[in-house]
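Consider the single chain below, provided in structure tokens and representing the form predicted alone.
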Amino acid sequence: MSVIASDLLIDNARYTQSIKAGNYYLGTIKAGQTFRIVDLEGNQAADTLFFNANDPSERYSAMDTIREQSNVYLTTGSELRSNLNNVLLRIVADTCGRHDTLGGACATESNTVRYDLEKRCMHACRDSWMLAIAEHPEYGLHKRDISHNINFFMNVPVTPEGGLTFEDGISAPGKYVELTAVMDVIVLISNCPQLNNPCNGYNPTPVQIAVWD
């Protein structure tokens, strides 16, 4: 973990927005701008995708990011790399300390495997992403572009045997992660609605977005 607070003040942000659990955020962050996600009430998971805004076929790659930094977790100093191994963004501040790259996003199908067949009808992060790209065709994103994601604030430890476990969150109210864009990027967030996952504290809550020039 590398816990480092930011000098940026929320009152000086160019833009802020609160995202309710189960809702999405879709927007463009210009190169050089800094982008913060705040876990307002703690134990929330923000399932996030990044794309090159000028060519969305170039997108965040968990494999390239993990290989280049030799670490499966993200924190201050991590570089988020694309499927072309270019740097999309850098994490410049982080008061949570660790973010998941491996757990993936919830879908109606995975909910039936993890929880129960009757959970299939529950809203999932993949639904939020699909709704976002359907409602905003101007971004040029399609179903095939939904790929690797980051689970900011989510706690998915790797066991000594190499397995994954979904544990109680390590975040807390007001914790945040802050990233500076290296190129123009599209940010697509599903603020996870999943109330069966301990990473959400069984109580999905809002997150806040803030952007500085």
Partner chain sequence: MSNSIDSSRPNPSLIRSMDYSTDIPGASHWSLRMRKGTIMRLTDTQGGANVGMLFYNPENLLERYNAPDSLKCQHTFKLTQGHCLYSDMGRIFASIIEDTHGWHDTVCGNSHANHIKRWGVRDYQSNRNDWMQNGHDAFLVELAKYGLGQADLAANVNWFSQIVTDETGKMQLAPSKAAGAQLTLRFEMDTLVILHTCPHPMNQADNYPRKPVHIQLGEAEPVTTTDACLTACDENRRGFQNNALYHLGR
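Residue numbers count along the first chain shown, from 1. No experiment lies behind these values; they were computed from the predicted model shown.
The same protein also has a form predicted together with its partner chain, omitted here; what follows describes it.
- Remark: residue 36 does not count among the residues lining its partner chain in the model of the complex, judged by a heavy atom distance of 4.5 Å or less.
- Proximity of residue 76 to its partner chain in the model of the complex: non-hydrogen atoms within 4.5 Å are absent; the residue sits far from the partner.
- Its partner chain in the model of the complex comes within 4.5 Å of a heavy atom belonging to residue 116.
- Contact check for residue 68: a heavy atom falls within 4.5 Å of its partner chain in the model of the complex.
- Of the candidate stretches 24 to 32, 37 to 45, 151 to 159, 176 to 184, only 151 to 159 has residues whose heavy atoms lie within 4.5 Å of its partner chain in the model of the complex.
- In the model of the complex, the residues of 80 to 110 lying within 4.5 Å of its partner chain by at least one heavy atom are, in order, 83, 84, 85, 98, 102, 103, 104, 105, 106, 109, 110.
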